[in-house]
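Quick heads-up: it's one chain on its own, the form predicted on its own, in structure tokens.
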């Protein structure tokens, strides 16, 4: 097994069949601790995984047959299942995964199942649509060239909707309708088949280098041979995507489905283009920007096996694949794979679990692997293939630190003279540049210069961020928006509110003053909405319609822009504050990924890091190009402190609208906290966001040795603590962030 964390739950569950008179358990997609018992009616037969309708109180509900009933309720008191939905059953692996995640994360089974049944409309077959074919005994009719083309087309093709016939015959839909009205065409009802082109695994891909080909062969050899986890560790630009595409091709050739997970699929325009070049068509996509109809069609097509490859965000993990042969987690280190709302889980780790339950390989991919994955490789639980150099011989960009204590900008400016000079040289040479600042908006804080009052969200412990381009102050945690006030809300002084610190919009303002001729674009998640805008942004950069990209972390994720030769990080220290134990690792990963955007073409790249901490281990590792030394030092520090992956953490977040009740529940948890077997409990303490969406928040943190099963400890702990009903306790096993 790949990791002790994933060995604590027995998830065996057979796909048994149940006949009339049998008692069965049906799990509903509701926040329930377990399934309800029902009776199989006369003449009916069900199997584990079947999606059924059942009575629930005075209403009709949909659930999944979960196994034999275990309750003691007399059979005469049980209600019968209404019937099976016309949809393939949930695969056995997804049933097992639901149980596994529930027990590991300590969330109700029904809450986990809701993620698998996230598209209720997909449980009904698509409505029949009208198609047309040639009538068996057509009457005499007036012939035209357009009508003749329609008849010729239908004489060699199956029935199709009018719009499809008109498109193929090169005429208007009115021609088809006229033939139908004349009785020449017969209207019939057909089930829509959907447009799901099949990727071609035999299509030629790019020519791989010797190192890439060896890595690809290694991955391909593992397809179809059971469970294994392989980490592809390759520098930016080394061709990691093209390498794992060969494993995708092998799985497709074997008749299996494939899941590829990306941290932000809505921004994966270049990835989709690479996939299309390799396989001749795009994969099915799964992300939050899809329309409801597209989600419905995709979910059902996956269940029916019509979709062979899905690329998706973390929720794609719960799609009903019946023939899954490979799971790929690209940018596996990315924090976006951790879901913080609802059921709290890490999609990378759960992808590994699903691969084990499916008995198929999982591939994790990154230029900056997480310390958890690196440690699993070193312990022999994961395999590793490395790509140590860029494809085509390009060198990694040189990284240089700018000590802002000695070479800082003038007051009210944010670019050092050295970075401004490098930008001028880059533009003069006709190359492209990128400025990275992981702050959206114009300024992260607005305060009154008269009394010092700071504009804060009324529902969160967070400053309001000014977005000057849209004339709004916004909370990035709950979405609250308001217009900038004309006077201070505290002292009522007018024209006293001033922005503090830079965001990407303010940086663009400075660039406009320094380089008015530069064609600049801001790339931030609140300005690039969905795949279409992302694709257009990529096109403009690739075709060199843009000289300078000013971006947040979305520009750090795998983009390949050959004309980009300069990257400047405006505030390299930004992620190092706050005291979080993963701060150094996250900052190193982010800056290394950003630096990897420079010099990927024929011209060498340069990277400048503006910092007030040039002696920090992160800055030293980046300038020396010694990633392994940083990982070794970070591992040693974590192990000494018994922090993950060398120890276990579980966070408890106590929240509610009544602050006194929250404090009381947190105090009760502290009094009943476990304190044995090396377990420590820290807190309660106000969360960094002590007020979020109107709810007061307190945190406790359980730390335990690796050998301890923290789920059992936490389950017993919460059961002993006095917690008011109006207070919620959220459990976060293996926390990534500590907001």
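As the structure is a computational prediction, the values presented were derived from the model and not from experiment. Positions refer to the first chain, counted from 1.
Another form, the form predicted in complex with adenosine-5'-diphosphate, is not on view; read the next lines as being about it.
J.: Can you confirm whether 52, 63 and 80, the three residues that make up this candidate site, all sit within 4.5 Å of adenosine-5'-diphosphate in the predicted bound form, judged by heavy atoms?
T.: No residue of the spot touches adenosine-5'-diphosphate in the predicted bound form.
J.: Give a yes or no for residue 336: in the predicted bound form, does one of its heavy atoms lie within 4.5 Å of a heavy atom belonging to adenosine-5'-diphosphate?
T.: Outside the cut-off, so no.
J.: Does residue 370 make contact with adenosine-5'-diphosphate in the predicted bound form, using a 4.5 Å heavy atom cut-off?
T.: Because no heavy atom of residue 370 falls inside 4.5 Å of adenosine-5'-diphosphate in the predicted bound form, the answer is no.
J.: Residue 634 versus adenosine-5'-diphosphate, in the predicted bound form: is there a non-hydrogen atom within 4.5 Å?
T.: Taking the distances in the predicted bound form, the answer for residue 634 is no, it never comes within 4.5 Å of adenosine-5'-diphosphate.
J.: Could you tell me if residue 391 has a non-hydrogen atom within 4.5 Å of adenosine-5'-diphosphate in the predicted bound form?
T.: Yes, contact at 4.5 Å.
J.: Considering adenosine-5'-diphosphate in the predicted bound form, which of 638, 606, 314, 240 comes within 4.5 Å of it through any heavy atom?
T.: Comparing distances to adenosine-5'-diphosphate in the predicted bound form, the residue within 4.5 Å is 240.
J.: Which of these residues, 257, 102, 376, 212, gets a heavy atom within 4.5 Å of adenosine-5'-diphosphate in the predicted bound form?
T.: Exactly one residue meets the criterion: 212.
J.: Where, among 163 to 171, 220 to 228, 444 to 452, 201 to 209, do residues come within 4.5 Å of adenosine-5'-diphosphate in the predicted bound form by heavy atom distance?
T.: Within 4.5 Å of the partner lies stretch 201 to 209.
J.: Could you list which residues of 29 to 47 come within 4.5 Å of adenosine-5'-diphosphate in the predicted bound form, counting heavy atoms only?
T.: Heavy-atom contacts to adenosine-5'-diphosphate in the predicted bound form: nothing from 29 to 47.
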